[in-house]
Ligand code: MLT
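Just the one chain here, laid out as structure tokens, in the form predicted on its own.
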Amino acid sequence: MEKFQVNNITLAYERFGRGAPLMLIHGFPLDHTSWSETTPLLKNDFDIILLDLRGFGQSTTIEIPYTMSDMADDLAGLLDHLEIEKVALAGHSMGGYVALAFTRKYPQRVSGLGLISSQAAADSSERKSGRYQTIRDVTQKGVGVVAEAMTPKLSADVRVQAFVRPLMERQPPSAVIGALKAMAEREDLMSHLSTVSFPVTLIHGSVDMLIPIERAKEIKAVIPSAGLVELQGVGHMPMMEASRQTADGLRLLAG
């Protein structure tokens, strides 16, 4: 991967393919490799920008608290570095939160938005408390507690589980803790979505155990023009469980 300095961190990224720019943003607590089964299906349709969010994969982080808006600034810095003015963003789960923060802060730089297994609503008080309890658990016991708890919730597919568990276990505690804080404190952006003018595509599994498909349907109600790809029998990892259908959904952002 290529690396460059932005906002006091080192951000790792890859760029390949041809077509309109599309930035793929991974979920929590994963890295860019979670897209590995979908990107080959898109490389002839898009100029793909694939990155590791701060702290994950080959990117570094900072110890002080940061927000989804700060992570969106990282994306803007990467686009500046690549001299790309406008981009379609596709975010998986937490990556969707980062993409949403980017659309709010840099709307003029967005050509389209894809939300995969994600949502625009903020955490409930119960979910927020749960994230801070997870932070305490990671501080005391390490990231293994997250990997153990999340693996069966990410997917019922044993092949996907065999991929994601070691991937999660490789992520540093600082990244996991920083991301948990940022997710817990993120803003509710449902009202923001009612103002967007670019194409929106929603891709969601019908049996997602982490973010129910109702969250995607709520966004569809706010943006009637949004495309909704409902994947029957698919969990929280559409890009691995249903890579072809996920790629087809993302092609709707090609304009």
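Heads up: residue numbers just count along the shown sequence, starting at 1. Keep in mind it's a predicted model, so treat the numbers as computed, not measured.
Although it is not shown, the form predicted together with D-malate is what the next lines describe.
Contact check for Y97: a non-hydrogen atom falls within 4.5 Å of D-malate in the predicted complex.
Shown alone here, R136 lies farther than 4.5 Å from D-malate in the predicted complex, counting heavy atoms only. Though the partner is left out of this view, M183 does reach within 4.5 Å of D-malate in the predicted complex, counting heavy atoms only. Though the partner is left out of this view, L210 does reach within 4.5 Å of D-malate in the predicted complex, counting heavy atoms only. The candidate spot formed by T61, V146 and S174 lies out of contact with D-malate in the predicted complex, as no residue has a heavy atom within 4.5 Å of it. Of the stretches 73-81, 100-108, 136-144, 86-94, only 86-94 has residues with a heavy atom within 4.5 Å of D-malate in the predicted complex. Shown here without D-malate, the chain has Q119, R127, R131 in 104-142 lying with a heavy atom within 4.5 Å of that partner in the predicted complex.
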